[in-house]
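One chain is shown next in structure tokens, namely the form predicted on its own.
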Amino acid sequence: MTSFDAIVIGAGHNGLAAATRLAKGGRRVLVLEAANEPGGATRGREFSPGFRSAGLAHLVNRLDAEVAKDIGLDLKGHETLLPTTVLDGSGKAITLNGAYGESIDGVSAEEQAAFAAMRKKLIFQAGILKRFLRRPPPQIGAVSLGDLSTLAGAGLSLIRKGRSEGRDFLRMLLMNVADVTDEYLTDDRLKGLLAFDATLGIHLGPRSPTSLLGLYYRLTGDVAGRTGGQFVPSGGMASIAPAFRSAAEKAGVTIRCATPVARILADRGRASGVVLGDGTEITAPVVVSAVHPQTTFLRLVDPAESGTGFVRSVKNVRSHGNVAKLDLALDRIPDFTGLPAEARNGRIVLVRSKEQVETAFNPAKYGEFSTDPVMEITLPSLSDPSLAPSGACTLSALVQYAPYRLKAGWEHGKPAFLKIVLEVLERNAPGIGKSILAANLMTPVDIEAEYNLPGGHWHHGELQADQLLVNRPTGAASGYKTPIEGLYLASAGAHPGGGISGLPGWNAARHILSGATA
């Protein structure tokens, strides 16, 4: 069997980014993927004859430009930023143009000015946090010169802005997003959008302490240098997985699909390879796990190798999804009331106010789904006609809140929740119900089964203050290195977190190539 310097488990975009960077660094790399094709959660599937979903994500807003350039990712389309349109059922839309509302249609001049001031402040503050994304988080007790340089740069940014700006950053850092919107805005629809964006995919409501962190995280992403931008690649979202695969193969990476890993070989605290599902052993001095940290340490590694305390901390990682994914096959393009024709290709958010988002969250705290959900919608087949037959259309929606642990069980609750979601769509796009040819609702339980994501959480763990930076996924494995020598983490469960950025995998590979011991 061919000898490899590194084995990467999981061919999601982070796994492929890690493998490509390692290969470009001179390592012989093997990627092992359990599914029949690479891509992870970006992997598409047919949900009805002739209709395809492009995966869990339906927009790109976090792809790191440096990662893309370094690994040779050939992904076009970022020249055209997509708008976000907010619909509240009144027929009066708000459209945010450019990069997260560089200009806004549908609100007063005073509200535009207020939003611009808030946007400027949030982007500046998110930029301070962004400095920490392209490197391992500082290690407590082992702060490096690079860490000190990053911290100093962040401090200088605040100093240049003046003492009041520094105080404001410290004041707002752990605030809830609802209070921040109240400080600046008066339009309920804009407040609702920011509340939705801050909490999407996170088990928080807009009035939950620290919920502003979710919006900061979103605003650390950029498209072509424009903070908060979003786009769909040329060829649609289905082009993402092939682009990462092509980059990896050009770098010399070997990818084997339909090859599940049954166990990570480790002895006396040192990883030495993997055992495949068919019993085959493949050895390598470096093993990179680009799957969920709980899968890594609770299923693939012998608990005796990592220690009971560490295993307990991994078990305690909160990773229960709260979002359902809806795919609809439609016989025509839907007509949303108030949606400008030129905004059809963009993002549509159905939300009335931050109070609606908070009220939608409340039942999820007690294991129940929202009876008045909020959702983000795109029409993917407009960007990628191959997803639907000629004249037909696909609709993709991320719907919250839909708790992983539903008190009544999803077998019973799924039809009821689907009915509620379709009623919301009907109110905003009259007649859409009659054009539905097929509907596929994936609850967090379904997402877990389809994509091997424990808890159905696409971030591989909550993006909350106690599970970020030096605590992602846990303190003992926050810098990609784990308690097992030669075993590294590179999935969304590692720093900095989820979204299609490539940063966890790329950072992990750079850390390995640097030979760092911390």
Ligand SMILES: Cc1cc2nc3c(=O)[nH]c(=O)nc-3n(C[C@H](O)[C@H](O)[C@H](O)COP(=O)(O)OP(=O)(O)OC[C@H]3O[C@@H](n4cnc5c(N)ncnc54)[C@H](O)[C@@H]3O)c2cc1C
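One-based numbering along the sequence shown. The structure presented is a predicted model; accordingly, all values stated were derived computationally and were not measured.
Here the subject shifts to the form predicted in complex with the ligand, a form of this protein not shown in this document.
Quiz prompt | Every residue of A11, V291 and G499 near the ligand in the predicted complex, heavy atom within 4.5 Å | solution = Each of the three qualifies.
Quiz item: Just one stretch in 44 to 52, 484 to 492, 463 to 471, 22 to 30 has heavy atoms within 4.5 Å of the ligand in the predicted complex, so which one is it?
Solution: Every other range fails; the passing one is 484 to 492.
Quiz item: Should G367 be counted as a contact of the ligand in the predicted complex, where contact means heavy atoms within 4.5 Å?
Solution: Judged by the heavy-atom cut-off of 4.5 Å, G367 is well away from the ligand in the predicted complex.
Quiz item: Does at least one non-hydrogen atom of L56 fall within 4.5 angstroms of the ligand in the predicted complex?
Solution: Yes, L56 is a contact residue.
Practice problem: Would you check, heavy atoms only and a 4.5 Å threshold, whether A476 touches the ligand in the predicted complex? | Solution: So A476 does not count as contacting the ligand.
Quiz item: Taking 4.5 angstroms as the cut-off for heavy atoms, does G269 touch the ligand in the predicted complex?
Solution: Although the ligand is absent here, G269 would stay clear of it in the predicted complex, with no heavy atoms inside 4.5 Å.
Self-check item: Residue (of V232, A360, V261, V314) lying close to the ligand in the predicted complex, criterion heavy atoms within 4.5 Å
Solution: So the residue touching the ligand in the predicted complex, by this definition, is V261.
Practice problem: Taking the ligand as it sits in the predicted complex, which residues of 15 to 43 have a non-hydrogen atom within 4.5 Å of it? Please list them. | Solution: Result: G15, L32, E33, A34, A35, G39, G40, A41.
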